[in-house]
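Before any questions on how it binds or moves, here is one chain, the form predicted alone, in structure tokens.
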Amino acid sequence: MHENRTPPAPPLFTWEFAADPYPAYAWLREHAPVHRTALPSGVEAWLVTRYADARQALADQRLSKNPVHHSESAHGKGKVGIPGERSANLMTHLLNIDPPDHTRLRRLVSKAFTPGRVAQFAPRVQELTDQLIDGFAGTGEADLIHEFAFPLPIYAICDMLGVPREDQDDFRDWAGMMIRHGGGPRGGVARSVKKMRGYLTELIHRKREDLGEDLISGLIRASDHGEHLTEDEAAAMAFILLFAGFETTVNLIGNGVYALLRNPGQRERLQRALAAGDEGLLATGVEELLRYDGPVELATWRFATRDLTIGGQRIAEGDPVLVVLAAADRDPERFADPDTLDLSRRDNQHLGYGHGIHYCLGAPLARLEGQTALATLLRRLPDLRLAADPDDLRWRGGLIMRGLRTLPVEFTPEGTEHA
């Protein structure tokens, strides 16, 4: 009898799981809320799936972001974190460090990355959004990932960082390699990281001679009690703002549009609100899309700095811990009808941007881009519809991010009435 008390765990990290991980996460929340498993890389890690445990773990200072605390670090090099960042000397960024270094660097970069700066950027995000839609609005069909969701945040973050317009297509190519190939240290990600590192180093040198109002100039200029960012820290910070600031937004827009297309009643509510000039549903709607099928499936790596307990489960010092944001944000103990998309959901303290000291620095920019992209698409292409069987769509493989490879759509070609 004892052998059959708990049914076997569902398979994780298969292609079927990638297409819809939520049933497996529901099983884990109920039967094994803190679950040790072998990841595709071979590294063993704990998955934390309940909302209360996830929120606690995200703010637990006993869980370090620094891979030096990984008990398998000798043979796990390159298997945790972003492929290639170690060899490119880009480790000293906000996703890999703890206080006091994290406190110092975040305070410095926050001065150059304020909500006010993002608000000033709204017209440029709108301009980029319209330019990209102009590129396909007359054709009646598009792949919304490659023609819209992908280039929008790349060009936006390049503009914010101060990457000259003539260099931005190089960044688009490197970012495309990251998204398309992924893989280990010798994969496309690592090659792109190395190229970005070389370019950012050169750009920082150029900007030291001619500071502007952009974010990299702000990083160079920013100081705290006379303490400046080192060049390595400035390059790593620019890199992580780019890396963390584009793929997350690609997936926010892609997953968000897909969820609206699969939930026509909710999409029609949003279109009616926008037509009436009501932006309120757009704001709550983007938060709900982040909760319902957010761009970051698992929070970035954490490592136990001592033996500790999460959700009644003992975690040994050195063990990796991965907080499953996608599972926590569908926890019925926290959210009513969690598997239902409700754009007007009010009580929505989702974990899509994390929680605690590592709460997403770029959240204001992601919200601006998500709201602008969705509102403009629905206004300009009101009969947007999926041009593929949902079962034929493919999700990108990868541990941390959740996003579609392609999102083919059809619509009535836009006429000449749009200025």
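No experiment lies behind these values; they were computed from the predicted model shown. Throughout, we count residues from 1 along the sequence that is shown.
A second form of this protein, the form predicted in complex with protoporphyrin IX containing FE, is not displayed here; the remarks below concern that form.
> Are 240, 296 and 362 jointly within 4.5 Å of protoporphyrin IX containing FE in the predicted bound form, each by at least one heavy atom?
Replying inline: Every listed residue reaches protoporphyrin IX containing FE in the predicted bound form, so yes.
> Using 4.5 Å between non-hydrogen atoms, is residue 129 touching protoporphyrin IX containing FE in the predicted bound form?
Replying inline: So residue 129 does not count as contacting protoporphyrin IX containing FE.
> Can residue 248 be called a contact residue for protoporphyrin IX containing FE in the predicted bound form at 4.5 Å between heavy atoms?
Replying inline: Looking in the predicted bound form, residue contacts with protoporphyrin IX containing FE include residue 248, since a heavy atom lies within 4.5 Å.
>> Would you classify residue 354 as touching protoporphyrin IX containing FE in the predicted bound form, given a 4.5 Å non-hydrogen atom cut-off?
In response: Heavy-atom contact with protoporphyrin IX containing FE at 4.5 Å: present for residue 354.
> Taking heavy atoms and a 4.5 Å cut-off, does residue 102 contact protoporphyrin IX containing FE in the predicted bound form?
Replying inline: Answer yes; at least one heavy atom of residue 102 falls within 4.5 Å of protoporphyrin IX containing FE in the predicted bound form.
> Considering protoporphyrin IX containing FE in the predicted bound form, which of 358, 35, 70, 29 comes within 4.5 Å of it through any heavy atom?
Replying inline: When protoporphyrin IX containing FE is considered in the predicted bound form, the option within 4.5 Å is 358.
> What is the one choice in 327, 144, 216, 290 with a heavy atom within 4.5 Å of protoporphyrin IX containing FE in the predicted bound form?
Replying inline: So the residue touching protoporphyrin IX containing FE in the predicted bound form, by this definition, is 290.
> Counting only heavy atoms and a 4.5 Å cutoff, which of 102 to 110, 195 to 203, 130 to 138, 168 to 176 contacts protoporphyrin IX containing FE in the predicted bound form?
Replying inline: In the other structure, the partner sits against 102 to 110.
> Though the partner is not shown here, which residues of 144 to 167 have a heavy atom within 4.5 Å of protoporphyrin IX containing FE in the predicted bound form?
Replying inline: If the 4.5 Å heavy-atom criterion is applied to protoporphyrin IX containing FE in the predicted bound form, 144 to 167 yields only 157.
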